[in-house]
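Okay, so here's just one chain, in structure tokens, the form predicted alone.
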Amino acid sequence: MEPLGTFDIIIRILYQFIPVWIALVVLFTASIAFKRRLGLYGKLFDSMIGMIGFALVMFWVFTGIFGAMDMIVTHDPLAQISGMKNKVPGTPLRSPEDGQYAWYLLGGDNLARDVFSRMVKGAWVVVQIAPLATLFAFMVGITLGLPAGYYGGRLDTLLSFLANLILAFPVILLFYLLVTPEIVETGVPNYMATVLFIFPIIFVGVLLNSRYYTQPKVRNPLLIGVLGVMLWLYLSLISEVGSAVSILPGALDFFDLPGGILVVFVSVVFVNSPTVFRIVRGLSMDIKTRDYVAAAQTRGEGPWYVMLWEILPNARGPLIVDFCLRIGYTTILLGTLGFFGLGLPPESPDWGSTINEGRKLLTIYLHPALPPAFALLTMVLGLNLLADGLREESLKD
């Protein structure tokens, strides 16, 4: 077979992404049709910048989802095919088997793996880790930032000191320490996960209790059901057979996080939490002086009700914008960790690891490093544009 030309490569890549194009069309059609009923999300479609950013983000989200279902990839991202080492984009396989895709659309890397399939699979790594890690960081930051800003005093001084202490520590050095075999064997990342991952349970528990405190018949079964499920998920998340924290038996362990991913996840949450804490603390100190907060206090509402149901909803605009930006920062951070080979397995198709592998021969072969670098760039650009669009629309309220 003849090598593919540039036009043929582009057409074939666009064809591979057909599930993504369909999903984007359905999502945008439904969102625009019902945008007046969708609150701030619907207003996003009045902003051209926001729509472009949202389209870029959802492109990679759908790419990650459909890539994980093997609907886009052309080859196994870990498979090494003889004769395809460092081959240029559009190179045909020497003797493809029946049903095997006949070309490497974006060429082969220095281990003869398909660059296109690794780029697609790398999106799934980002889609799994970045939003969840950011969400956990927000749970920690909100749970500690609200009382620090609301109460002030010694509590604020202590928590602010701890946050500044963490922020003053070099991030890369922290990651190097956490992935050191001697540190991993002591179980420090597992113990950190045990502490950090409990904050969503605390947040939801206090949220529901403050809302339904005067309705015990509703509150008690609701707390038992919701917190029971969350506690099981929490134990399943932190428990790993053979590790320093092994609580649940294998049959009840719903999650099976590899040690490297757990270290990356914990590191990202630990680093992002102090920044979120400082943002929430500042917003809480400002909003607690408003009249509607004083009115809630006059009605006899408890402090946590005021914090979670009066202050937090009125701080949602800046927090939503920061959440989008922080996912972008986390994506860059994951790329940096993969680039330095920290935490994630060496064969992982994450974008940072793929860029690092391609960097070694960058002066000779450009194709292994450029696609994942472009993917990382467009993902972060999309998140920044999305945040700008949300900020623009939230200011109109």
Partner chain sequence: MGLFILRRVWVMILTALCLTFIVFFLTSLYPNLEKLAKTQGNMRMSDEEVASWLTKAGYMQPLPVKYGQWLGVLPGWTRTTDDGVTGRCINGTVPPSEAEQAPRFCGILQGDWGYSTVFKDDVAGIISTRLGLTGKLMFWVLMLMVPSALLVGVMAGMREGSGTDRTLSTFSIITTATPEYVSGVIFIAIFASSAVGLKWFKGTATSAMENATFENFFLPVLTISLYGMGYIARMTRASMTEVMTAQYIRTARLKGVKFREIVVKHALRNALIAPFTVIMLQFPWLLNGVVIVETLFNYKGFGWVLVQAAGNNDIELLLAVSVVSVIVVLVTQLISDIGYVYLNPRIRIS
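These figures come from a predicted structure and were not determined experimentally. Numbering follows the first chain given and starts at 1.
The same protein also exists as the form predicted in complex with the partner chain; that form is not shown, yet it is the one meant from here on.
Each of 161, 173 and 329 places at least one heavy atom within 4.5 Å of the partner chain in the predicted bound form. Mapping the unseen interface onto this chain, residue 261 falls outside it, with no heavy atom inside 4.5 Å of the partner chain in the predicted bound form. Mapping the unseen interface onto this chain, residue 336 counts among the residues with a heavy atom inside 4.5 Å of the partner chain in the predicted bound form. The partner chain is not shown here, but in the predicted bound form it comes within 4.5 Å of a heavy atom of residue 374. Taking the partner from the other structure, the partner chain in the predicted bound form has a heavy atom within 4.5 Å of a heavy atom of residue 186.
With the partner omitted here, the residue from 65, 55, 38, 370 that has a non-hydrogen atom within 4.5 angstroms of the partner chain in the predicted bound form is 370.
Only one of 26, 32, 362, 69 comes within 4.5 Å of the partner chain in the predicted bound form through a heavy atom, and that residue is 362. Heavy atoms within 4.5 Å of the partner chain in the predicted bound form map, among the stretches 230 to 238, 125 to 133, 209 to 217, 175 to 183, onto 175 to 183 alone. Shown here without the partner chain, the chain has no residue in 104 to 138 lying with a heavy atom within 4.5 Å of that partner in the predicted bound form.
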